[in-house]
Structure formats: structure tokens, C-alpha cells
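Below you will find one chain, with nothing else, as C-alpha cells; this is the form predicted on its own, and questions on how it binds or moves follow later.
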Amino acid sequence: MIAELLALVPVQRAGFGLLLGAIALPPVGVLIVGLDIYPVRFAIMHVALLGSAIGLLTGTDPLLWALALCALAGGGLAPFATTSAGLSGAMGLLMSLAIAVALLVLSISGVNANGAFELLWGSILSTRPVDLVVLAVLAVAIPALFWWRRRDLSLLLHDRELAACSGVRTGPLTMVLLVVIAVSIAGAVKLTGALLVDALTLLPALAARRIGRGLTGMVVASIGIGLVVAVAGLLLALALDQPPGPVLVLLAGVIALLAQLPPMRRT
């Protein structure tokens, strides 16, 4: 049964997309955890919804609009990143404005809103070649960024002031990271849906924080966990005939919970 399903092209695309996402997205979760900007997922989700609404209105690809608007939103949040309170307030404002404009665009245009709101719950079996291209670029660019700037990133994620005193240009680097986070979330919503995007971002990172040592160890561990979640989650969803998104989240959540358990004492 599973072998027959795996022979289908949509399932193969979905599986390939999950593998690419498992490489690109868990390191993004490491950034979210390190920068302590958990609400950014919800803000970017609403911006992606706005991009989808504009795409439906103009008859163009909603994904491209979502990527472009999310990149602009990530860059626009950078000036507020000097303090956690300032960034949280900016993300809250962005989230409210984005959903309001998205609903207004959908109302004015009169288009079917199902395509836009499909971002909320995902459509992994409708993964297109262009979606795979976006994920492939992210799967190469994000690990490369971590490797290239691993010292600066380690300092920034540990202590912003220490990083600045060590010569790290924290402002431009933070802007790049916010843009990367925003674009990655926009590119990932096709796989699991915006509401369940944590399956390949935040949850593997939370587990890797207890397993990996140092930034490099956390990134490697998060990718490993992401690959396990992607492969096992898709196979389990096919075997149970259930949507992959919730299965991926539950599996990633179980792994994250197990990682938080205190280690057993050695006798």
C-alpha cells in the first residue's frame, strides 16, 4: 500500500520537499530560539496570507508574493530588534495590519478565499516544482550561512552586547537573520501549513538545544531530528491515511518532549 503511494508523483514531490525542508528549516528554528523571537512565526504567517491574497487578486503566483512581502517584513523588523520588547511590539503591529489588509483585499477582489487560507493548513501533496526550487535554495543557503558566519552567530545568539564589543556588526547581521527567518517560513507553509510550520522549525530546534553542544552541534542535531521527523512522519501519515501536517507536528513534539527529560543518573 505504502509502496504504491510512494510511486505517485505528488507523493514523491511531497517527500522530496520534506527532505529539503528538514535541511533548511530546523536551523531557522535555532535562530528563533537563540534570538528569543517565538512570536515571529505568527507575524510572518499573516504576511504570507497577505501575499497569497495579492497573488489571487492579480492572477500571479501567490508564493512569489508571499516570499517578497515576508522578506520586506523581515527587513522592516530589524530596526526594532535592539530590544526584545520593541521587536515583540513591532511583530504584534505587523501581524494585526497584515491580516486586516489581507481580509480587505479578499473582500474587495471577490476572489475565492480558499486559496489564500490554504496557507493555514497546508497542501503538501500539491507541492509544485517551483516550491521545490525555493526549498532547495534555502537548503543550500541557510546551512552555508551558519558555516560562514558561525563565530558571529554564536556571539550574537549568546549575547548581543558581547557580540557588538567583539566587533560583530549586529545590526546588519540581525537584519539578514530576520529576512532569512521570514523567507524560510514563507517557503515552508506549503509543506505543513502556517499553523503547523513548527514541525520543521521550532520543535527540532528545541530538542537540539538539549542534545547539541555549541551552535554547530545544535544545527547538526536539529537537521538530524528534522530528517527523522520528515521521513517517519510522511510514512506514518501514508500508513494511517491521515494528513501529514498534524502527524509531523505530533512526532516532532514527542521527540522534543523526550529531549527535555532529565538524563538518567549513572550508577
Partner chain sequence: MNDLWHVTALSLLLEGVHCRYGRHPAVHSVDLDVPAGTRVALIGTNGSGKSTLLRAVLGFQPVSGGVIEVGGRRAGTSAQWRRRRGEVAWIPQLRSTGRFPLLLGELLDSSGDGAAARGAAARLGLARLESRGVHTLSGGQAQRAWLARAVGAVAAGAGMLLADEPTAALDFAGQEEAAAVLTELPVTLVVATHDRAVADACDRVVEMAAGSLREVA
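Positions refer to the first chain, counted from 1. Not measured: the values here are computed from a predicted model.
Another form exists, predicted in complex with the partner chain; not displayed. Remarks below refer to it.
For the options Leu236, Leu57, Val33, Leu67, the residue carrying a heavy atom within 4.5 angstroms of the partner chain in the predicted complex is Val33. Contact with the partner chain in the predicted complex, defined as a heavy atom within 4.5 Å, holds for exactly one of Leu215, Leu202, Leu63, Ile223, namely Leu215. Heavy atoms within 4.5 Å of the partner chain in the predicted complex map, among the stretches 152 to 160, 173 to 181, 136 to 144, 102 to 110, onto 152 to 160 alone. For the chain shown alone, Ser166 is a contact residue for the partner chain in the predicted complex, at least one non-hydrogen atom being within 4.5 angstroms.
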